[in-house]
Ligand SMILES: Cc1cc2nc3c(=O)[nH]c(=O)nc-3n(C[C@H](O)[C@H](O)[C@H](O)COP(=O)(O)OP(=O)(O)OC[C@H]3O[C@@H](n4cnc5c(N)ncnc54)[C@H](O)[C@@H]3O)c2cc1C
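So this first bit is one chain, no partners, the form predicted on its own, shown in C-alpha cells.
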C-alpha cells in the first residue's frame, strides 16, 4: 500500500520503501573524488545539476582509483546471481562510457583469464557451456590464447575481446571535466549535520558548506562519518608493482590474469598485481609484496617472467602503489539512500522477533543523503553504473537497472539483516 501523506510506496521489505524525489535547487556535494564519486558527479552534472566534489587530497584519484593501470574485466558466475547481473550491466556501461573518453586513456586490447585451480577450470567450462555469455567471452585453447596474447600461454582459459585496461586517474579526471562540476581538494569532511532542509558539512579546517543533497563516495573512509559508521565496510590493502618493459615483453598484446594480472606496456612500463591483505594499515610499498606479485605472474605466465627478467629485479627498488579496496560482507556495493540507523532499529525492532512481521512504520530516511561505495576490486566495472543509479534516485528518474537488483544494493539491507538475526 502507499502512505497517503508521504506518497512513498510500502513493500514487504520495509527498508525498500521508495523515497520521494527531493524538492531541491539541483545542487549537490559529492564526498570523495575517486571512481565512484567522479562517476556520480558526472551523472548528476549531465542531468543539469551543479556539483561540488570534495576530497581530502589536493588532487582527485589519489587512493584506490590512483593505480597507473586498471584492468577492465569481470569474473562471472554460471548462475545469474545479483553480483553477476550487476557486473555484466556495469561492464557494458563502462565500455559505453569509454567510447566517449579520450582514446589515450584506455586500451581495449582484449583480456585472457586463466584458471588457477581444477575447481576454477570446471567453473570456466560451466560459463562456456551455459551459453549466457557468448557476447562477452569465449573459451579458448592455450594455442588460441597464445595467438591472442602474443606471448606463450600454457593452459586453456577464457578470452574477453572487449576487455583491456585503462588509466584510472585519467579516467577519473575525464569524468570530472564538466562545466557543472567543481573539484575542491584539501577538503576533508569531518561532520555532517542536518540544519532545517539542508546538510551542513564541516571540514577539518573548520570551513563549512551547505547543500540539500550529499553523496558519500569516499570508500573505507565512509566509516568516519556519524551517519554511516554503522555500515559493515572492510578495507583491503592492495599493492601493485610496476616493472620496466623490455624489447621482448612488448610482444604482450592483451591483459593476462589468473591469481593476479599483468597489462601490456604503457609508457614503457608494465603494471602487475595486486596483493590482498585484510587489517593491514601499512600504506608503504613493501618489497615482500612486490615479490608476491612477481611470483604470481611467474606461476601463470613464466614466459613473461623470463622476458621481464624477474630474477634480476631488485624488489627494494621497484615502483608501485598501495591502495585500499572498500568492500562489504556480501561483496555487493552499497548504492542508494541512507536512513537513521538508531531510529530504524527502534521502529522495526519487531523484525528481531519475526522477520515476516509487517511493521507499519515510516522509514527514517536521512533525506538528501546517499551513498555509493563498497566496490572492492570491481570499481571500474560497478562504480560508474552505480553513479548513474544514485543520480536517477536523486532525480526521481527511472533507474538503469531492474528494481530487484536495486534492492540488492540498498544500504539498508545490512540494518535489516542485523535486526532479523537478533543482533
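Positions refer to the first chain, counted from 1. From a predicted model like this one, the values you see are computed outputs, not experimental measurements.
Keep in mind the form predicted in complex with this ligand is missing from the figure; the text below concerns it.
Q. In the predicted bound form, does residue 377 have a heavy atom within 4.5 Å of this ligand?
A. Because a heavy atom of residue 377 falls inside 4.5 Å of this ligand in the predicted bound form, the answer is yes.
Q. Might residue 192 be said to contact this ligand in the predicted bound form, defining contact as any heavy atom within 4.5 Å?
A. No, residue 192 sits far enough from this ligand in the predicted bound form that none of its heavy atoms falls within 4.5 Å.
**Q.** 4.5 angstroms heavy atom contact with this ligand in the predicted bound form for residue 371
**A.** Contact check for residue 371: no, nothing within 4.5 Å of this ligand in the predicted bound form.
Q.
Even though the partner isn't displayed, in the predicted bound form is residue 167 close enough to this ligand, meaning a heavy atom within 4.5 Å?
A. Heavy-atom contact with this ligand at 4.5 Å: absent for residue 167.
Q: Sort through 28, 31, 394, 385 and report the residue having a heavy atom within 4.5 Å of this ligand in the predicted bound form.
A: It is 31.
Q: Heavy atom within 4.5 Å of this ligand in the predicted bound form: which of 86, 301, 218, 351 fits that? Just give me the one.
A: Here the answer is residue option 218.
Q: Given that the partner is absent here, state which listed stretch (146-154, 339-347, 116-124, 71-79) has heavy atoms within 4.5 Å of this ligand in the predicted bound form.
A: Result for this chain: 71-79.
Q) If we check this ligand in the predicted bound form, which of the residues in 388-413 reach within 4.5 angstroms of it by a non-hydrogen atom? A) Heavy-atom contacts within 4.5 Å come from no residue here.
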